[in-house]
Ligand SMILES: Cc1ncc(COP(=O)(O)O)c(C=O)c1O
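In the block that follows, a single chain appears as structure tokens, in the form predicted alone.
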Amino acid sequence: MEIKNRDIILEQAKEYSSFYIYDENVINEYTERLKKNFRGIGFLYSIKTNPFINVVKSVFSHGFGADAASLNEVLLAEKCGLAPDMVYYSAPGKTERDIMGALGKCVITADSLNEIALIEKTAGEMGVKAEIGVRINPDFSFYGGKGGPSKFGIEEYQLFDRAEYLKGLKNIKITGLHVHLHSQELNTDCINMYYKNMFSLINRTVEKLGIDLKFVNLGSGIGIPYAREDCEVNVEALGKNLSKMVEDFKSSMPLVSVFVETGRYCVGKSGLYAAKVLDKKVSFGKTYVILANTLNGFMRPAMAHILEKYTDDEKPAESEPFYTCKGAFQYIPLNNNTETEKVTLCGNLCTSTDIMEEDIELAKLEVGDTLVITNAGSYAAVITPMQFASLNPPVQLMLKSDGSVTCADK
């Protein structure tokens, strides 16, 4: 596999033993691809996928809003200059402190009936009238079957049964609807079917609750290819189909904003993880390559190895964002060695589970060489246990579109 910016990565490896590097040109490519193909639709960047501030600012520069999953992500969006009506805060288990800190800085989406009551109470104490969204757990699944239990959202018929209570609230007004059922989907037809079901849900919710709707958030779902055999989502066809649905929907509700969450789509392919070879040894005929910061630098490949090794399933079930599929990451030595060898890639932690791949055939690596791992732009640094053994964590770098590299907020 050809690695772009090879020389730049090797130059950074002179200073850092492990690091993430995000390519702003790739972020620009994927964000513009969405904007080009989806008409009349706004996008919310899912900050939790990669909250590195240079990445966040890059995505926001394309006019995207924020999908915030915590008060801290709301505050990060505010720091980046987003207006409150472009920040949508949706997460279960919000506390009174979260709600007090978020009111006026974003649009809060309530995740439960209890949370609606808490927002009503908090807004009253603060002397404000808050416009909020509600997250619904619909009576359908992402793939069109019957809906099921979930920790997220309010079951739609529970919401409908409380219509009179909701209309009587004094300090909040429900003006938005939100559903998110699935991530990392590569089947365009499945996503299209989900969107179709969503507009049916929106119409019946407006009818049942009698709300003055201002926004709908269709959630995420658009995936990226991880394994070599994965195919890209046809965003041209997907965008054309959703744009027509939105056009039809707005014929009766012209003032309603329709949003899609980007999930990992904008940033997932932008990142590489680089780790230097610290040591190499042979034990009972098995060759070990010891890298800087594997499980404690980029956890997902190590988690995949553990799951695949200790399960009997030929194809373990996905468990996003920790496990996607077999072969989700490619390992590329940045050297000119044409000789190959079978090695086990492991890290420098004092635990035997710190292994990324066993018995993988790669170009021969030597101490001091650099290895890069693909698909490190989303759910990578952010979910990795970097405090393990108190080692120095990997640095995060941004390769900007002008060719400069920065690790600071510049």
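Just so it is clear, the structure is predicted and the values come from calculations on it, not from any experiment. Note that residue numbering begins at 1 and tracks the sequence as displayed.
The following text describes the form predicted together with this ligand, which does not appear among the structures shown.
Taking His180, Lys94, Lys269, Arg300 one by one, only a single residue has any non-hydrogen atom within 4.5 Å of this ligand in the model of the complex, and it is His180.
Between this ligand and the residues Asn137, Thr122, Asn293, Gln184, the one pair within 4.5 Å by heavy atoms in the model of the complex involves Gln184.
Per the 4.5 Å heavy atom criterion, this ligand in the model of the complex is contacted by stretch 257-265, the sole one of 189-197, 325-333, 307-315, 257-265. Contact between Thr205 and this ligand in the model of the complex is not found at the 4.5 Å heavy atom cutoff. In the model of the complex, this ligand stays beyond 4.5 Å of every heavy atom belonging to Thr109. Proximity of Tyr379 to this ligand in the model of the complex falls within the 4.5 Å heavy atom cutoff.
Lys48 belongs to the set of residues with a heavy atom inside 4.5 Å of this ligand in the model of the complex.
For the partner-free chain shown, nothing in 10-33 comes within 4.5 angstroms of this ligand in the model of the complex, judged by any non-hydrogen atom.
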